[in-house]
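Starting off, we have a lone chain in the form predicted alone, written out as structure tokens.
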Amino acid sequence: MKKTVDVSLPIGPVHPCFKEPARIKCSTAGEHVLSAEIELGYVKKGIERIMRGRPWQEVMFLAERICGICSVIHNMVFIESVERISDIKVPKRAAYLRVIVNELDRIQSHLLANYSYCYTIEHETLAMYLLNLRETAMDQIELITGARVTCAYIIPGGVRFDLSKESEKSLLGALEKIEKDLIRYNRMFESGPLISLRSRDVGILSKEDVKESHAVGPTARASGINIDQRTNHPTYQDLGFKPIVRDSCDNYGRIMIRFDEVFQSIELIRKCLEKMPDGLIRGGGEVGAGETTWIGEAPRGELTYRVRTDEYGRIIDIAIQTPSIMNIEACGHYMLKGVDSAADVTATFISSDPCIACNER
């Protein structure tokens, strides 16, 4: 009988290229990957169970602790869910401030994802440039919200702090620096021969595979699927937001689309600063009983909250669907299958920007 599987290759759960623990189990013939399975469950938090029965004031802080890389969007989607339940209106200025902080969070998340990929393919120079540039975005988040990661900036009916003229000037200067440096780094990635060798036509996820696996976010948009939940958000609609799509379907496309989206986030923040009126940043309101489902666009794709509250604003039931659930499935079933080198397994996995903390909420 012909032997088709030479080696069962386990990678992880602890690996120098992984930000969080996960195990990839590959069946290979030589170095060609025949099939792959991604095993999770090393850092399960059970946070949805902890949320049930607690008042929204406590759950708000728990929501942003689901993930340290995209905490702002968890804060935003949860608060917008309770606002929809209770018909709480948000002042225009606060709505634009929410978008500014959310896009700064997207910039730092995308730069971190691309840093991880460059580090994985051993282009450490570009990796360190990107990690250093991320600090500029993190500094601006801290300047506006008072904290770098768990800032609890968005509250029912508005935001906690206004943006002063001095902070606005600092933000515009930071955006100019990020844009100027990123033009250079984008060119380095786009034209680097090592990067091309390690990234083009590697980790293929076709348009049909995306539809089959329900992949979302930059992972889907790099395969030609025009899907972005920001198109359904009223503030983004005011800004004339349109998704960016590429069609190379490989590791190269997934990294390039994150570079594209950082430039897009910079433009969105500038538009917010131009259009943002003076006025209140908190409209007030009281959280009551009801049930809703609300979806936001996290840096990795669709983030869904299903929330049910009682008349005192306590969370009776909550379910959270994070984008990495679908993207990791797409990676295991389609992107890793057919990879020609064991060294490209980790690079392909990292190119989908998996968030284990979100998955194991």
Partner chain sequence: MFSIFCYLREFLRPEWWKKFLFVKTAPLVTPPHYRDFPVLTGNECSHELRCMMICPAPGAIEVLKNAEGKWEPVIYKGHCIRCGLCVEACPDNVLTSGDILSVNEKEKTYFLASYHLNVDDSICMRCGNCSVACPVNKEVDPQLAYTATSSSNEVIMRIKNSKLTIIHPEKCTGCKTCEEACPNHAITVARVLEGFQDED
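Residue numbers count along the first chain shown, from 1. Computed from a predicted model, the values in this text were never measured in an experiment.
The form predicted together with the partner chain exists for this protein as well; it is not shown, and the discussion that follows is about that form.
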| request: Choose from 207-215, 242-250, 138-146, 260-268 the stretch whose residues reach within 4.5 Å of the partner chain in the predicted complex, heavy atoms counted. | output: 138-146
| Tell me, which of K275, K169, R187, R200 has a heavy atom within 4.5 angstroms of the partner chain in the predicted complex? | R187
| Selected contact from D317, E329, E58, E39, since only one has a non-hydrogen atom within 4.5 angstroms of the partner chain in the predicted complex | E58
| task | Answer yes or no: in the predicted complex, does the partner chain come within 4.5 Å of a heavy atom in every one of H123, C151 and G284? | result | yes
| query | Taking the shortest heavy atom distance, is D162 within 4.5 Å of the partner chain in the predicted complex? | reply | yes
| query | Quick one: does P193 come within 4.5 Å of the partner chain in the predicted complex, counting heavy atoms only? | reply | yes
| query | Can you check whether I155 is within 4.5 Å of the partner chain in the predicted complex, heavy atom basis? | reply | yes
| Given that the partner is absent here, does L280 sit within 4.5 Å of the partner chain in the predicted complex, heavy atoms only? | yes
| note | Restricting to 201-215, the residues within 4.5 Å of the partner chain in the predicted complex through any heavy atom are none
